[in-house]
Structure formats: C-alpha cells, structure tokens
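Here we start with a single chain on its own, the form predicted alone, put down as structure tokens.
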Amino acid sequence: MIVAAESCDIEGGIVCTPSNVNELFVFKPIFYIGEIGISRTHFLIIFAALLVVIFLFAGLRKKSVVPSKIQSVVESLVTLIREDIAMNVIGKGGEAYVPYLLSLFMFILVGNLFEVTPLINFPITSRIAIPLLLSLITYVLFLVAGIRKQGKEYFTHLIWPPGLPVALKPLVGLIEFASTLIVRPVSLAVRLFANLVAGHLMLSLLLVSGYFFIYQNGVWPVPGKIPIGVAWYTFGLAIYGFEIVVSILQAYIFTLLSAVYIQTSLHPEH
C-alpha cells in the first residue's frame, strides 16, 4: 500500500507528503535562455507546435496525383476540418476559419497524445494555462466576428434579445450575456483540462500501483502480490487505449465548439 505520511519510508512503501502542495505543480527549468527558465512543459509546448508545422508542411508541400501516405492523412484531416466543421457548422464564411481550426485541432491532438507517448507521458493540455489560452483565442475570434457582422447590435441583442416578450427579456438577456461572454471561454477550457487531468491521474495511479504491488523492499517480484500487480497493469493498459480515444475526441470537441461559437456570431439568426 502507498501511504502519504509526514515521515518517509520509501522501502516500506510510505511516500512522504510535500511541505507545500505547490511543489506538485511546479516544474523546475531544465535549461535557461538568458534569464528565462525553460521547463519540461515549455519544451513540450514548443515541440508540439513544431511537430504540427512539420507534419502539415510534409503533407502539403508537394501535392501529387498519387498521394503519399502522409499526404493522404493530411488531406483527410484538412477535408474533415473544412467540410465537416468549418462549412457544415459555420456555413457561409466558414472557409476563412479553416487555417485556425486546423491548427487548433492538430495542436490539441498532439498535446493530448503526449499523455500516451512513451518517455513523455504528460499531456500539455493538462496544464490549465494551455486550454485557457486556446479558449481565449477562440473567444476573441467570435467576439470580433460578431462585432464585425452585427456592430453594436451584437451586444444589445445579447442584453435585450429580440423576439421575446418584454417581461422575459431582462432574465434571458442576463443569461445570454453571462453564457456568451463568461461561461463559454471558461467551460471550453475546463472541459479539455479536466478530461486530460483525470486520464493522466488515472493512468499514473494504476501503473504506479501495479509497480508497488510487484516490487517492495528490494524484492522483485513480491510473492503473493504478483496477481494484484498484474491486474493493475492490465487495467492500466486498457485505460491506456481508452485515453487515446479520449485524446482524439477532446481535440475534435474543442474544435467543433469553437466553430459553433463562431457560427453564432456570424449567423445569429440561426
């Protein structure tokens, strides 16, 4: 059993609690650029962005009649974002948002899949700053789109919705205003963050628990506890496969909701 205690006894399976809970969320810099410390999280963010750029460039730089495997994959992704999300969801004017939605989807997908990538095993989207930044970019985009399309009426229609009985307008207007300008960016970020944190913690607990059941006090394997450890590992591997599906699904949902929010600004009549 793994127990958090004030005193440490690693050989006995007791893990000491940190003096400050913030220690669990602080990544020490692995190197410095001038006075700026670059942590593992910073490095993985840059790495994810570079992977997306390289992948898209490799698939789109030379279009041939008989596409290569990577060109086929990239073109399929572009078609998915353009046809199924940008055009079907946003409608007229949606083609202008294809580059953003494609970049958004690919970056989140790569960042999510870091969770199940050997030697990395850390989804960058489990750090709230990343989903929050991406949701704020979407927030700015649909606000700008709404103001450009409707002018000041974008806000007046939120506060005083047309087509409703006067008695209901203050209540509905308050709900719409809070939902559009406050709830949307927060819920968009928290949804992605919470799903990736939950999956990451679940995998870590299952695999580490399996390890501690099999290896204790320098003994490998521990007699009598092998079936328990193997069971934890087996369950962990099942969750491992499930998290791949979750990573893809959450990238798609974040991109789809971004398109929905843009659509409500461009086509409020719908």
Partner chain sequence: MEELAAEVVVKGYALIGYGAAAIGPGVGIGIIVGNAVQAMARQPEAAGMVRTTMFLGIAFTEALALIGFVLFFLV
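None of the values given here were measured: they were computed from a predicted structure. Numbering follows the first chain given and starts at 1.
Note that the form predicted together with the partner chain isn't included here; everything after this is about it.
Chemist: Just one of L181, L164, A194, I159 has a heavy atom within 4.5 Å of the partner chain in the predicted complex. Which one?
Modeler: Partner contact (heavy atom, 4.5 Å) among the options: A194.
Chemist: Identify which of I120, M87, L174, A198 has a heavy atom within 4.5 Å of the partner chain in the predicted complex; exactly one of them does.
Modeler: After the contact test, the surviving option is A198.
Chemist: Verify the contact flag for S187: yes if a non-hydrogen atom of it lies within 4.5 Å of a non-hydrogen atom of the partner chain in the predicted complex, no if not.
Modeler: The answer is yes: S187 has a heavy atom within 4.5 Å of the partner chain.
Chemist: In the predicted complex, does L249 have a heavy atom within 4.5 Å of the partner chain?
Modeler: Close contact exists here: in the predicted complex, L249 approaches the partner chain to within 4.5 Å, heavy atoms only.
Chemist: Hey, which residues along 245-263 are within 4.5 angstroms of the partner chain in the predicted complex, non-hydrogen atoms only?
Modeler: Contacts from 245-263: L249, Q250, Y252, I253, L256, L257, V260, Y261.
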